[in-house]
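Heads up, the chain below is alone and in the form predicted alone; it's given as structure tokens.
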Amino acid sequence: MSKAGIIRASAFFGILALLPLGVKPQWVINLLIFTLMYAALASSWNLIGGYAGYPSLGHAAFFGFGAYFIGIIFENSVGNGYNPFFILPLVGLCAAIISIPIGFIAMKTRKDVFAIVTITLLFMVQTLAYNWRGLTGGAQGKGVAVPPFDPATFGRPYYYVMLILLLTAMSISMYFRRSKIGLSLAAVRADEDKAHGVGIQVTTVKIIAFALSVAIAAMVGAVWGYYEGFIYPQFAVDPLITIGMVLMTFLGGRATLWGPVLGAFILVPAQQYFSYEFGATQFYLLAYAAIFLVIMLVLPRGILPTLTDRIRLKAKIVAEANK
């Protein structure tokens, strides 16, 4: 990362780290938590859907896995309240291990079929969550023990853990941009047959990207489940969660470091605002969709790639004019 990039990242995360200390209303903290949640989810989805070009539609299955993991283990007690956070690496590791055989089978298909396979996985996991009542509670849901946090600052631990998960997702994304794995994924995204022909271990790099991607999604889901306090299958394994992270990634720009984060910071507050304005009428979904459509019509490759292309084109025109 360049010096300017380090400064931008330090300023961004520094401001976010200090933000809860100056914000009192709990609804603002709640909005920030969900914004960070979707920023981390979008950044995780970008690892497979952006860099590899394989549009996974089943990430909500692993999000739900993480939520139920916490709910099952900490149904009766969470100790001092921080114990669920300490096992997040275990949640991610378990999700990654489970994803390897799934990815090995799913990656035998090409991109469009892969999307169908992964969304089928999502609905299978959702059905399992509804029907495995002894483990998940079925439609009645699974409760998580209430942590003994101070009510005045209840959301802060969740906020900072979500911030750490966002930093983790972006760090892996940055590594992909600079590493041999990232170059291999870029070759796969451009032309998989040619990538295979030049000796790239196509299946291996795709599975690595998939495993890391779903591991972060599972950890985010675990924090979400703990924060919500009660886990229902229709919310924990919800296709709209996957759709949200996909839209945010496309909006900001696929295969970019900051694109998914930018998309989340635009769409999550917009969704909350329109939900408040239109309430139970559901018109907020139309307004939410309209924002996305307008931006994608004006900036078809996403905000960051399109703006970068226009800035470069303008600079080139100016340079040629000055010759």
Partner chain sequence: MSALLEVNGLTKKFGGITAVNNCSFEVEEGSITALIGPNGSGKTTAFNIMTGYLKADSGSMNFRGKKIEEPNPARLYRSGLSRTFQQARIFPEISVLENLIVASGYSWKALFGSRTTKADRAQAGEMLEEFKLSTLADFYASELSYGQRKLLEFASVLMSSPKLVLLDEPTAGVNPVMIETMERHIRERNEAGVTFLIVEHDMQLVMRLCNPVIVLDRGAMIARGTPVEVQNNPQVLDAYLGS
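As the structure is a prediction and not an experimental result, all values here were calculated from the model. Residue numbers count along the first chain shown, from 1.
In what follows, reference is made to the form predicted in complex with the partner chain, a form of this protein that is not presented.
Look at the stretches 201-209, 218-226, 83-91, 142-150 and give the one with heavy atoms within 4.5 Å of the partner chain in the model of the complex.
Selected stretch: 201-209.
Give a yes or no for G137: in the model of the complex, does one of its heavy atoms lie within 4.5 Å of a heavy atom belonging to the partner chain?
Output for G137 is no: heavy atoms all beyond 4.5 Å of the partner chain.
My question is simply whether G182 lines the interface with the partner chain in the model of the complex - judged by any non-hydrogen atom within 4.5 Å.
Contact with the partner chain, yes.
According to a 4.5 angstroms non-hydrogen atom cut-off, is R133 in contact with the partner chain in the model of the complex?
Because no heavy atom of R133 falls inside 4.5 Å of the partner chain in the model of the complex, the answer is no.
Is there any non-hydrogen atom of A186 lying within 4.5 Å of the partner chain in the model of the complex?
Answer yes; at least one heavy atom of A186 falls within 4.5 Å of the partner chain in the model of the complex.
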